[in-house]
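One chain follows as structure tokens, the form predicted on its own.
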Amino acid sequence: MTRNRSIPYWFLMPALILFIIFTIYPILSSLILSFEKLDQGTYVFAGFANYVRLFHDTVFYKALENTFIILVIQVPIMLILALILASALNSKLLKLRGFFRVSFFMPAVTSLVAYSILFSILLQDNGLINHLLGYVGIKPVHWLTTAIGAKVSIILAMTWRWTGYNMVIYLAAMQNIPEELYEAASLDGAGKFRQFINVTVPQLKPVILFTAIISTISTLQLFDEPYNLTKGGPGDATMTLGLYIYQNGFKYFDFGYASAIAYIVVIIVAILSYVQFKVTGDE
């Protein structure tokens, strides 16, 4: 009898071993590495030296500032657009809903590198975007060579890619909202906008919280867009925490310092997630 009870655990063993090797071990190894530094080709224990260095690093503060600017501007815009699009594409009055849903979701399955290169071409000084702006009398914008323009370029690229992804999540959640709630609101004289504010949004609150947390974590790990579009420039104007971790680890081979930055990011993610839970009143 005892032998039979152990059989399920043997089936779980391969997955458990892979989880330990590829998840638990790297987490613990990087934590240990964050307390070490490279000395004559070998890593030696350095205590909190990497963390002390980090709090005196101006580039780290710049990366933190840039990441939070992108987070505060891009995530709300993206989630609001996704919510509006999901509500519009959930309407029974709209024809070709399937076509529009797939079209808006397509950017999410596009290669990160491919779409970054596409945006770098579109946003060049003589690119298509400036060409179109010229038709309405707007002078060419230096999207990738000025501090503000580079940040806006990254925000535009991220919004284009991830709005459809969040829209699909909202759209799926909307299918579970009881139709009776809309009928009751309609009987009370609520128009479509009031129904959206007083029925749809409250019913989607857990899903909105989920997407907000996922988007926050993704933005704090932001790497592909600044790496492919601006390389962190001009003058560290688009240096993000993810890109700074990469540079320290794989450009300067300072893995101890890169690990220390990574764990600071983990702490920031935990704090922001806790705040979001408290603000929305969810457990």
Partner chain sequence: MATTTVTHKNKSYFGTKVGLYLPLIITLIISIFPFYWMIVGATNHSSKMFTNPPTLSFGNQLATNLSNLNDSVGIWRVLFNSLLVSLVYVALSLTICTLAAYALSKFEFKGKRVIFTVLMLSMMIPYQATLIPLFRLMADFHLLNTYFALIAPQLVFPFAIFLMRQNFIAFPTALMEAARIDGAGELKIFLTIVIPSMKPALAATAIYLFMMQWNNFMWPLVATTSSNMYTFPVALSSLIGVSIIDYGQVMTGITIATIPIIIFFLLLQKQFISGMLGSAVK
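Residue numbers count along the first chain shown, from 1. Computed from a prediction, not measured in an experiment: that's the story for all the values here.
Here the subject shifts to the form predicted in complex with the partner chain, a form of this protein not shown in this document.
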Any chance Lys139 has a heavy atom within 4.5 Å of the partner chain in the predicted bound form?
no
Contact with the partner chain in the predicted bound form for Phe105, defined as at least one heavy atom pair within 4.5 Å: yes or no?
yes
Spell out, yes or no, whether the shortest heavy atom distance between Gln203 and the partner chain in the predicted bound form is within 4.5 Å.
no
In the predicted bound form, is there a heavy atom of the partner chain that lies within 4.5 Å of any heavy atom of Met239, even though the partner is absent here?
no
Counting any non-hydrogen atom inside 4.5 Å, which residue from Ile197, Val72, Ile148, Ala114 sits next to the partner chain in the predicted bound form?
Ala114
In the predicted bound form, the residue from Ile169, Ile80, Ile177, Ala185 that sits within 4.5 Å of the partner chain by heavy atoms:
Ile169
Look at the candidate spot formed by Ala49, Tyr61 and Phe193 and say whether the partner chain comes within 4.5 Å of a heavy atom in all three of them in the predicted bound form.
no
Going by heavy atoms, what in 145-176 lies within 4.5 angstroms of the partner chain in the predicted bound form?
Trp160, Arg161, Tyr165, Val168, Ile169
